[in-house]
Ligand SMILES: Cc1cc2nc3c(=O)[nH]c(=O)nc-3n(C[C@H](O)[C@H](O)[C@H](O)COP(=O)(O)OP(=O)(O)OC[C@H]3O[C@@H](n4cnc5c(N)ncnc54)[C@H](O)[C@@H]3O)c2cc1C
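Just the one chain here, the form predicted alone, laid out as structure tokens.
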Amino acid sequence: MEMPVDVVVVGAGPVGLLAAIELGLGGARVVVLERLAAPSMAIKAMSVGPLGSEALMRRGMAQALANAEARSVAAMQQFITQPGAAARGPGSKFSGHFAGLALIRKDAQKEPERRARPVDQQGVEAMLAERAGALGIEVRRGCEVTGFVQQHDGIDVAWASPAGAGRLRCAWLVGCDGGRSSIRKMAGFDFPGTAPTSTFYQAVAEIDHPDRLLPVGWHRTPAGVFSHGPVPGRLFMLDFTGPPEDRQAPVTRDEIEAVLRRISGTDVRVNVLASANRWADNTRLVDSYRRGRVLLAGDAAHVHSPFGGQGLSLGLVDAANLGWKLAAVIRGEMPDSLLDSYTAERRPAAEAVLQNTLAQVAILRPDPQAGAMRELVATLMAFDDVNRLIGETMSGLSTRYELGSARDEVGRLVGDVSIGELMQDGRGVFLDASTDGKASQLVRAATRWVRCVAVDAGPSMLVRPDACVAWAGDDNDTDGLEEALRRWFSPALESMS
């Protein structure tokens, strides 16, 4: 048995790496076990939403994100400037889509500056791996968890690799190992939801007549849905004839070509298939994100169709929510009941994504009823309030945790870049707009995990390490601040009133 660690994170994808970073910044000893010997190059998420992007920027990856975005934009620019490629180019007034309806308008949104970044999953994973390495977090690739046993005071984790096998003792186990999570299955989490009805494909391929698949964007046809671009070679297809017979079978060039020809209705050939994957539209959500000392995050906890590119950001915010809380429990500063708030806050956010993705698939089906509903949704999106509602739903900016406050900002995730820059070390921040300094005095007495910063304009706000506003007050008002500090940082705080 190896020397014990605080947490074993299973999965070195973006969610697992961010969870490890959050835990490491919180003082926890972490080891990441990853089944794959090298990062997967299969095409997956093409962008990361505003909440996920902000989680990365808060942890020192703003420049890496900007660099990756610039590379993506350059590739997209090259593709969409070809004749007939794009009806909408750079500077478009639209930002995102709902079921392929690219009608979400920037001018209808409350915070249009909070936006998705066109950075693919491989790019996000690479910057997270670099950041984890800089923090000294150990990532063991080629190590597959083969079993674990929960004890009252920890977990014994068995793993195997081509070089041998071993056992590792930890206090907590965090499963970030994807939609087919072995950790979820071994721990016995319930995973209810809807059975698959269709098949999704995503590929990078060389087509003999790519111009026949233009313009860029979503195309709903009598046989399904397809999209070409917005980067060279990228194909997306939704086949409504049923789920795949064998999800594990390799995706072949012939399969991609046959599905593309049938759905697009065009005479095209796939000359070269660089990469491809397929998946079904399973839509499932665990009953709880925790069972004993085992916790789940990302696709291990929830799976859904990919419309709107919501999954990556959803998982990253899971990691941000869990990491600082689990670290506080490990430090002994908070009881493990704090972890109950992880499920309470993140499960409703996942439910909202599952619901909107189900709705998107429903109005993409190639039947007259779905088409009629799709036209109605498009008509409704002309109204600013509806456009804003759908825009905030797709971006995740509608997220608000129920913290028992009547103030709208409490429970929301702040996206102010200047605030994020104050949180690079994993601590929260107290923005003090009062004139008497008593509020900052109270915060400093409660915890060292919140940085106090005087600001010229109010309201004053207590912001948790995951950017959630835990308390807000005007002028010199501190009513409720002590309660918020006890709830999130220091349960033993004595009253200073």
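Because the structure is a prediction, the values reported are computed rather than measured. Residue numbers here begin at 1 and follow the sequence given.
The same protein also has a form predicted together with the named molecule, omitted here; what follows describes it.
*Asks:* Counting only non-hydrogen atoms and a 4.5 Å threshold, tell me whether A45, D177 and Q202 all contact the named molecule in the model of the complex.
*Replies:* Yes.
*Asks:* Mind telling me which stretch in 45-53, 465-473, 436-444, 59-67 gets its heavy atoms within 4.5 Å of the named molecule in the model of the complex?
*Replies:* Of the options, only 45-53 has residues within 4.5 Å of the partner.
*Asks:* Name the residue from C143, A187, A349, I155 that puts a heavy atom within 4.5 Å of the named molecule in the model of the complex.
*Replies:* It is C143 that has a heavy atom within 4.5 Å of the partner.
*Asks:* The named molecule isn't shown here, but in the model of the complex which of Q150, S72, Q122, N277 has a heavy atom within 4.5 Å of it?
*Replies:* In short, N277.
*Asks:* May I ask you to check whether G311 falls inside a 4.5 Å heavy atom distance of the named molecule in the model of the complex?
*Replies:* The answer is yes: G311 has a heavy atom within 4.5 Å of the named molecule.
*Asks:* Would L33 count as touching the named molecule in the model of the complex under a 4.5 Å heavy atom rule?
*Replies:* Heavy-atom contact with the named molecule at 4.5 Å: present for L33.
*Asks:* How about E345 - does it come within 4.5 Å of the named molecule in the model of the complex, if we only consider non-hydrogen atoms?
*Replies:* Result no; E345 lies far from the named molecule in the model of the complex.
*Asks:* Does any part of P306 reach within 4.5 Å of the named molecule in the model of the complex? Heavy atoms only, please.
*Replies:* Judged by the heavy-atom cut-off of 4.5 Å, P306 is in contact with the named molecule in the model of the complex.
*Asks:* Heavy atom within 4.5 Å of the named molecule in the model of the complex: which residues of 5-38 qualify?
*Replies:* Those in contact are V10, G11, A12, G13, P14, V15, G16, L33, E34, R35, L36.
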